[in-house]
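A single chain comes next, written as structure tokens; it is the form predicted on its own.
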């Protein structure tokens, strides 16, 4: 009997031992669904309910239903709108910088250069690091006393992170340094997919580099570049770790930092839940705009 079972196909052997395909599938799917419900769906629904209450996690007082009062309070608060303005400025600087640097690096690496594989690997290293480590690392680089940035630029004791006029740019530079390789990686995939015969035809027609870039390269890479912009915009809106470590300036208080303070330092759980849902709605709206442009770019 043992020899007969051994000659059977793996699925047949499992069935012989009492595990059907359906049982094996359920064995993996049911725990996964349960995990998603417990750790994703339930917190999402629970936070939605608390956003309509005056719940405070630091007290044992029962949560009272307040309806849309939390949302009205947040949307009429000028300080909250200041946080949104700072975040929008940060997202614009950060994502634009990442697109230019990442796409520029991809254009360089798309050529035949020596040690191309090693250079690509080294360029990917920043996004493999922990956000907290990156924050501490750049805090040392920006230090006015012994930071090497001031030394190389000859800026003396210039304060990057304590200066309210440049602190946000300093935080955005860190994000650009860390995530430009992600844009570079996607852009490289797009550039490698451009048909070579288009460039050969352009060369035969004596088209210049400017014409080739704007009429062949950029239109064909635009869809995948738009995907990179969507991902990076969503992530930039959620920036917290390195921005919190680098600077405590009011001019660098992004919405994620304000949300953290509201939820875990001021313990306004209901209000912070409403704040999180307002941010979620904004990110979804912006993403939808990007997706519309992405579909238009694909249709061309």
Partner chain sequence: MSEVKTRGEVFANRAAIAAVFVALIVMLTPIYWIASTAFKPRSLATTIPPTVFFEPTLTPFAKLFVKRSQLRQPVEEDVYAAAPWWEQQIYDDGEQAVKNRKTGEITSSGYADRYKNSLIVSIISTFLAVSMGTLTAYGFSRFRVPGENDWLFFILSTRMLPPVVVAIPMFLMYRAVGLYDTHAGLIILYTAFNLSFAVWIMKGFIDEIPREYEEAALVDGYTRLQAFWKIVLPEALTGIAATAVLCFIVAWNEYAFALMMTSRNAQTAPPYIPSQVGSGLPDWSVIAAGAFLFLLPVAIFTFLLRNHLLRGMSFGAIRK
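What we label the rigid core is the largest C-alpha set whose atoms superpose within 1.5 Å from one form to the other. Residue numbers count along the first chain shown, from 1. What you see is a predicted model; the values in this text were computed from it and never measured.
The form predicted in complex with its partner chain is left out here; the points below concern that form.
Contact check for 32, 44 and 276: all three have a heavy atom within 4.5 Å of its partner chain in the predicted complex. Between the options 204, 155, 218, 128, the residue in contact with its partner chain in the predicted complex by a heavy atom within 4.5 angstroms is 128. Taking the partner from the other structure, its partner chain in the predicted complex has a heavy atom within 4.5 Å of a heavy atom of residue 185. In the predicted complex, residue 223 stays away from its partner chain, with no heavy atom inside 4.5 Å. Its partner chain in the predicted complex comes within 4.5 Å of a heavy atom belonging to residue 244. By the criterion of a heavy atom within 4.5 Å, residue 259 is counted among the residues contacting its partner chain in the predicted complex. With the core held fixed between this form and the one not shown, residue 265 has its Cα displaced by under 2 Å.
After superposition on the rigid core, displacement of the C-alpha of residue 250 between this form and the one not shown stays below 2 Å.
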